[in-house]
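Coming up are structure 1 and structure 2: the same protein chain in two forms, each one given alone as structure tokens.
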Structure 1
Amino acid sequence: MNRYLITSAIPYINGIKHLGNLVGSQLPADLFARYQRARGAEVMFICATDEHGTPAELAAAKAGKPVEEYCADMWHVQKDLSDKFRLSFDHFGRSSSARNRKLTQHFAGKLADNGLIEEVVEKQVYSNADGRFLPDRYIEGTCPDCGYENARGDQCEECTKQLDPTDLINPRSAVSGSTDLETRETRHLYLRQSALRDKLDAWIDSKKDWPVLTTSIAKKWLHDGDGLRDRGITRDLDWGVPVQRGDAKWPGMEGKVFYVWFDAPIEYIGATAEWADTNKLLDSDWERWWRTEKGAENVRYVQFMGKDNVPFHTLSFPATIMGSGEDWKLVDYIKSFNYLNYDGGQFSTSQGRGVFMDQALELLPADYWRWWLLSHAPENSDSEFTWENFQQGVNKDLADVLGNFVSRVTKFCRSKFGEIVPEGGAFGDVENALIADLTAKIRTYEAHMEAIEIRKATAELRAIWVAGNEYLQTAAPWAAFKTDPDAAAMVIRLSLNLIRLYAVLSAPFIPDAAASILTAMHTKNTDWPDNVAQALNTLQAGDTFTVPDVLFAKISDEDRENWQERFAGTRD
């Protein structure tokens, strides 16, 4: 498969995301997209902001802005930060787009035509002071399990227990703080997911290569308790996609909007259509990624997300796609992640706990964070960010191994041969052994990257860097130069080529450093090393280079201690 559709879970619009959010979806998705592009694949990498629902309305009210203005402003903030972290989206869209609105209404109409939408009268909390129904996140109160006083109507963030608004002790409106609440009846639309349970079950069973984390969560929702339940897809809110049946009004649903978890995944399709619009392309250009009859059968679709998003992407969104009866592309592989915790606790957007994307970039360039986060990706279990581990990872991997190799080779060459690739003789047995070792390691690295085994790929890449350092120590050109300058020149010629090879292999992880290395090597050659011996002869004798600035500065104990103290509390 040489065409990849890649999506990462779309982040809520309400505020700047923390490093746990970043490593749980967008960053590993970017790694995979960059790798596949480097191997020559055609890639469509899509993300967007999730702009509807309670979080957007509450955040806008807190900011004192109309929700439309707040979402537009925060889209620019999130887009700017994604650019600074070098997330290489082909398009970063908005779930409030006209494309997504039309697609959401289209899917709802098709589901209704196929008998998969049911109107249900249910009881919800109504605030007399606010003059409106309050969806779950608009209600706060004391958790009945742990006593946390700011639990939301859907979940207690302190103990993580799932809640209903009626479970809360001393409930109050999150909008006005009023306790003048009552229960009233309201009518909503439900997606009859239960009617598709067997079809979804068989589809998940067919995905033999999915991570255990993904399938176990999906199966739990399918079979635990009463099994897969029908799910409400509308809400009594002002901000969102108006409830319509395709282009037609939906009698009895006036003034309601589609629930954010119905319209948000559809934005993956919407954002791809936005990409076509932005680039003045035809509908056929985006449909070839999503409509199987128009070319999407030749696409491998890979999703990246945190484990809390798995139920919606293994069940609810596929139910929407399947239930439409149309030829839409279903996901082929879902890479899910556990949680990255922060220094003995949890990252939290609502509580401002941890390091956030903008703060991280105030301290260090993006590559430092990209490398550490990916090398500690919470794939098989939760992982933890500590400042000590971060310092150690940066200093030992980036500074001592990769940065040190680049510095030693280029500075030695400049001192003995000038900033020119020296000639030297032919490769000997030691060099041929290195080529064989690197070939095996690179093939292993590729296998891990193809399988999206991120920590294994990181470890193998580091081992490739280490192999260069070990070769340099064994060949010792500084000693050889005294008695056999040609031998020393050959070692340095190979090592300069190895620097270029490292840039190519490392670019998916640390794109800025890789670009700096290639610039210093005076080359634009980013050919993948399918043949390592050939790759190590790319830079020819007489080619020039420049000794680069320090690639990675070490983190001092003083800086680490200062940062640890600064981020010990919560964000202002």
Structure 2
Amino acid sequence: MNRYLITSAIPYINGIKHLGNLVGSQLPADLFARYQRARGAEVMFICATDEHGTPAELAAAKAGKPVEEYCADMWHVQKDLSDKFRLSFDHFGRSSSARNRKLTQHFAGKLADNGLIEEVVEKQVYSNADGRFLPDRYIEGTCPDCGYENARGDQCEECTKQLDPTDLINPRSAVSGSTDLETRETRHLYLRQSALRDKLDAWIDSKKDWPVLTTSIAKKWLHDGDGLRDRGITRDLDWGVPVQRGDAKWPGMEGKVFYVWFDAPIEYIGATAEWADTNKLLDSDWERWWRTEKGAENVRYVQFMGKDNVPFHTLSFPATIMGSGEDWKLVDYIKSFNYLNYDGGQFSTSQGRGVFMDQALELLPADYWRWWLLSHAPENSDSEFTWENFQQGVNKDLADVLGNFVSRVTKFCRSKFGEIVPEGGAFGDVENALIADLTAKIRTYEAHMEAIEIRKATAELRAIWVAGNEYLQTAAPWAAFKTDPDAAAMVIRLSLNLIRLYAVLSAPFIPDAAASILTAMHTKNTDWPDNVAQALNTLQAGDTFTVPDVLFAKISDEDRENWQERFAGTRD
């Protein structure tokens, strides 16, 4: 049996994610996981919240809560929204878990044992008023070049010039506004990525089938300037994984924590261990997904992420894995995404611009969003969400093509034969042609899904739905019924089976609607149509069904205009 380990980039804890975040990793990962499960593969689908780092501490302070409490609360909020979007994680973990703490310290220890950790004393800006070191971008001031007064310590957003915090005129803390800043020395651990450069380079080179977006970003980091640089993996923060060398103390590192990007990807492993704990399983049960010497050799590991995450997944995390000298599973395929823009600009969490996961579900069920977002997944370039486009796509594809097909077939059957699959005769030429056509389309659909070509898969699935409407038009059971009721019965028997087939094929995209269809058809049979002719004989004459409610209500112009207006500004 095929085995797939699938991870989605783990969403940051400080707030509710917007639709751009969703379509950039979790949603396509879910699509792939659901598809592989439907094909009979054994799947381990992992996600988690990424809880450490400065923004989490600041968000907690703003919310007036201790950071642990804030993160625990936000985890529940994000978990709830994941469930409502039907993201089928086998486990939704937390990077602050005990498992991840242990694993992160373990990896750091192994890396140190292998001579890949270096201690560096560096100077950083400390804010006395805030009682904390400030990352560069949390220092603001006047740009020495253009005079912009809110330039950040890493870059002036006005003139795009890259800066050093010490370049700023009248620097102040972006947290409190305090100008009581000083430069202090602090000791940190660096991961010697440079020592692993050739190995990483060769590894990336071997990945001929990865998206260009993925490899080009990795290559840039590997070869830019002097090549891959060492990277600080510790921070002076309160909230995080305490720096330890395995189980032992790390002299000189007291009170420090690991950098969020060091522990976050390790949580993919941590969350799998959490999964085992939650389900009262053994360590060997999660290790068979991650340790190549314990069964993970034949696992295909696929990661999903937005392009901003690529360097960490192509270089830093692999460096951690390789550098450990242990037999951990390395990623086999990285599917990366560009950004989804909102109505002419970017979605923005900090500015509250766009539609957020909780708001989306207030407007419409998850399937509507899943379908539109996946059919517009930003695979090759940034793509754009507009309300007109959304309305058009949902109404046409879901309501008119699929929903209406289900409606017309079931209602016709009810009025002529009752809510029961009619007998009719054997399939004729038209039916055989349909079967041949569907077989070709389904094989194409499978190929796109295997290759994780999401837009192409979407288009093919839509074509499969359209084939049903074309068939009905040709077979015209409403006309046949008047002269040859048996022939009409056969057409309807096949069409009812088509409905079930559509539910099975569409379930990865629109799981709720698929489930509703199967319920209406009184069947639990979700066998994948390896043989289409056979699949279209699943529902037998005499089987009953219930005409379902409207599967997808159309979005009215009025709704669209209201939503457009409501979401024109920024979130409260």
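FYI, numbering is relative to structure 1, first residue = 1. Superpose the two forms; the largest set of C-alphas matching within 1.5 Å is the rigid core. For clarity, every value in this text was computed on a predicted model and none was experimentally measured.
J.: Structure 1 or structure 2: which matches the form predicted on its own?
T.: It is structure 1; that copy is the form predicted on its own.
J.: I'd like to know, for the two rigid parts the chain moves as between structure 1 and structure 2, whether residue 331 shares its part with residue 554.
T.: Rigid-part assignment between structure 1 and structure 2: residue 331 and residue 554 share a part.
J.: Measure from C-alpha superpositions the angle of the smaller rigid part's turn against the larger one between structure 1 and structure 2 and state it in degrees.
T.: Here the smaller part turns by 20 degrees.
J.: When the rigid core is overlaid, by how much has the CA of residue 151 moved between structure 1 and structure 2, in Å to one decimal?
T.: The alpha-carbon displacement, core-superposed, is 5.8 Å.
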